[in-house]
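Just the one chain here, laid out as structure tokens, in the form predicted alone.
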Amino acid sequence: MAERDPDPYPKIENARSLRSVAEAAKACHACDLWSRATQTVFGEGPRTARVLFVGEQPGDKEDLAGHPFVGPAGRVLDEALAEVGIDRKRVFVTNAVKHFKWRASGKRRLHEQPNGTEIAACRMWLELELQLVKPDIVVALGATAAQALLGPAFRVTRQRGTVVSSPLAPRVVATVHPSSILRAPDQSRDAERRAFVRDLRIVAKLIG
């Protein structure tokens, strides 16, 4: 068995530069997900963004493109942001985990939920993004992101749409991940989307 790298985190040339941090993250081997992913998918958006969205992990489309929220879930997010008047170009979007975790199903790659070790391994990158962007508001999309930001006791089902504080950001709002809307049964999908939009309206009001 090969020995594990004693220092799996790559050197960051300039920890005050978002571009430098993103470049360093490409060589991160802090967990095993890098070995099956196409590439690291780091966060994107203006460093001056007042709002930072955190999802779970890149999906199949994001893994191939190298950009966050560009697949079907990203389209749901884009449409909801437009509906509440939040400009996607003015927000920062990222994920709690930067590599795609998947299992094969024929020729398809199906999403698998990252475990606690994988989330913890990526926490350094998320913290650096938050420290450099310094958003006024962080929106946690889904349980994995919410628990990464607010602790394992947080439950999106009970506390979605509530404004809470975190050591990582002054105001955090949790809601569902847009992919959950796509997975909802046909008869409840519209209601799930409306509830998601209601949560984002709270964020829009906080922006002012």
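Quick caveat, the model's predicted, so the values are computed rather than measured. So that there is no doubt, residue numbering starts at 1 and follows the sequence shown.
The next section is about a form of this same protein that is not shown, the form predicted in complex with a small molecule.
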{"query": "Proximity to the small molecule in the predicted complex (heavy atom, within 4.5 Å), stretch among 149-157, 22-30, 162-170, 51-59", "finding": "51-59"}
{"query": "In the predicted complex, residue 73 touching the small molecule (heavy atom, 4.5 Å)", "finding": "yes"}
{"query": "Contact label in the predicted complex: residue 68 to the small molecule, heavy atom within 4.5 Å", "finding": "yes"}
